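Just one chain is shown here, as structure tokens, and it is the form predicted alone.
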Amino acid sequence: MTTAQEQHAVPEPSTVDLTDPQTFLDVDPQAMWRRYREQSPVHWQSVSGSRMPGFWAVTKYADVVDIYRNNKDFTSERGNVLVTLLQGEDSASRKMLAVTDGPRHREIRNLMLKSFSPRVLEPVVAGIHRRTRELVEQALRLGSLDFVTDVADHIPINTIGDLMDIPAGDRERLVEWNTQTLSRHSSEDSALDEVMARNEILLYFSELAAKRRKNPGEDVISALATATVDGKPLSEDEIVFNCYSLILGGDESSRMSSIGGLIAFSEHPEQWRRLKDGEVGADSATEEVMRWTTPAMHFGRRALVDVPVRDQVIKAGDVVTLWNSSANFDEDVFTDPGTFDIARTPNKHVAFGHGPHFCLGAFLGRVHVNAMVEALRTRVARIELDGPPQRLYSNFVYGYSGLPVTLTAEGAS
């Protein structure tokens, strides 16, 4: 239950603006979402200056999972994050897997699963662990560093870059565009930067896909560029938007979880000790890091028909946001959810979403975070934060643009 002290410190749901990225910098999210779950688990938020009058914020785990599963009464095709849902449309609708429903969604998903199934990716796993160990060892030689730019930024992008055969010299640019597309470094950055970054990525993949169509290789872009569904090739928009989706999802989520996991271990020394001593394995710790960090704070849907949820009726056409960052801390599902517990079981978090749109790259995301947890466990003796983490300015990604740390190697005095 929310304490009297928290009641005073945490604003009423009716006064919170979930569209404002500053909200997620100013308020303790765990305390804020606890209050939503207790007082207004299906909450209507009015919005001014938008095509849509407002949206529903759904915060209980059971309701979030039910709506994720229900692709009959809810659609992703009008957008799946707040920024596009409130515009009333998504330019990638029916071109990108995440905002496509029905038979076309199944066809494109099955096509892409050929490149992203655990069986196909198994040979990649050893390389991810090797690359992560090398980066952590390099960080240990530096001693003091920025964990974001010196370590985390280089891992997922190189894996997905290898799978898509993106030239090594282009990858750093793509990481920066990715971050700008989903978030801003601060409130001083322009929303126009987000649009420009998205357009840069789309143009980049349009040019790369054209080259692969002429000279295909063994990579994912070539697979999309030369694939057929019912005897017909994918449209250029489908190829480009799904490349965009892969680079975005494949990089951002596991990168932010790895950074958040390092912070969590530094702030919870007893859990760090349990990991180091081998009391708890890396697989279990990985799942708790994913739950604890929940980089994708929400996803969204539009209602196709009137749907009752608890004591509210979501009307046809309404925007519905599903807050993973609340569901993953729901007391009805997770025992003592405000405790970082790397031995937590069961741990059925929704960090990767749920249902028909469950993240295609979930296996790869887990491998990236697992590799980081394992590299830290075996090679790092001490983690010391040298200053406050720099948070991203976003209502979608809970993540970081900078993290000054000192890492001490095992065996160092």
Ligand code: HEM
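Owing to the predicted nature of the structure, the values given are computational and were not obtained by experimental measurement. Numbering starts at 1 and follows the sequence shown.
The form predicted together with protoporphyrin IX containing FE (HEM) is left out here; the points below concern that form.
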Completion exercise
Of the candidate stretches 210-218, 264-272, 98-106, 311-319, the one with residues having heavy atoms within 4.5 Å of protoporphyrin IX containing FE (HEM) in the predicted complex is 98-106
Exercise for the section: Decide whether residue 71 counts as a contact residue for protoporphyrin IX containing FE (HEM) in the predicted complex under a heavy atom distance cut-off of 4.5 Å. Expected result: no
Exercise for the section: Would you please decide whether residue 291 lies within 4.5 angstroms of protoporphyrin IX containing FE (HEM) in the predicted complex, comparing each non-hydrogen atom pair? Expected result: no
Practice task
Answer yes if any heavy atom of residue 260 is within 4.5 Å of a heavy atom of protoporphyrin IX containing FE (HEM) in the predicted complex; otherwise answer no.
Solution key: no
Handout entry: Non-hydrogen atom contact residue 32 with protoporphyrin IX containing FE (HEM) in the predicted complex at 4.5 angstroms
Key = no
Problem - All of 151, 157 and 376 with a heavy atom within 4.5 Å of protoporphyrin IX containing FE (HEM) in the predicted complex - result: no
Completion exercise
Students should find that, of 284, 245, 180, 325, the residue having a non-hydrogen atom no more than 4.5 angstroms from protoporphyrin IX containing FE (HEM) in the predicted complex is 245
Fill in the blank from the handout: In this chain shown alone, the residue from 364, 57, 371, 64 with a heavy atom within 4.5 Å of protoporphyrin IX containing FE (HEM) in the predicted complex is 364
Practice task
Go through 325-356 residue by residue and record those having a heavy atom within 4.5 Å of protoporphyrin IX containing FE (HEM) in the predicted complex; state none if no residue qualifies.
Solution key: 351, 352, 353, 356
